[in-house]
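Just the one chain here, the form predicted alone, laid out as structure tokens.
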């Protein structure tokens, strides 16, 4: 049985992946900041903060001691972010990048020596369709996910000689608790951005609530990738429009695509 480690395994997409893989006879470990809140979890939850290097080292050592290997790492832990770039708090921006980008880098660095030793491994980075597009009032979030996309491309080439595969999955909007955990780094009603930001913010929340997809779609894709000998570099999962928006960006002139985004974002 393959050993899988998922960051952010207590809720949302991470929990769905962990439950699904457990049902298909994988040995699954997930991370959370407080395992005592999830005593009914179907798989092993370990207390760990991916922003703390010592926590990551202890986490990897624990799984290796228990199972002697880690076959699949799924970098799923992440937080959302909204706010106009000019008015967003720099401490909030740093917190976002620590979780969405630097955290995954740290855990990758700790897992790779073990995967090289066992001469095999798979790393799946959960990014976002938003990482392909600079969305208004979500530009900082988009940037963090875009950075992880590009990192995946580079890492694949660096570790290919060690029989380690690297890929990413870019989800669209899914029904998870990310809205409740999102950093809304803006509450200045006197700002010149407030009216349009607030309108976009409400539309965004409404869309996730009404049209968000079921996380099981991501879980099934993860299962498919694990059983694929040579995974692709990029996978997208979401509604037709969300996936098609990436194609539109590639084929349309920049200014026309920008006008579409402005209209879609109610600006």
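What you are looking at is a predicted structure, and each value in this text was computed from that prediction instead of being measured. Numbering follows the first chain given and starts at 1.
Below, we turn to the form predicted together with a small molecule, even though it does not appear here.
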query: Residue 97, heavy atom within 4.5 angstroms of the small molecule in the predicted complex; finding: no
query: 4.5 Å heavy atom contact, residue 66 to the small molecule in the predicted complex; finding: no
query: 4.5 Å heavy atom contact, residue 77 and the small molecule in the predicted complex; finding: yes
query: Distance check, residue 51 to the small molecule in the predicted complex, heavy atom within 4.5 Å; finding: yes
query: Residue among 119, 160, 109, 181 with a heavy atom within 4.5 Å of the small molecule in the predicted complex; finding: 181
query: Answer range among 66-74, 197-205, 27-35, 223-231 for contact with the small molecule, defined in the predicted complex as heavy atoms within 4.5 Å; finding: 27-35
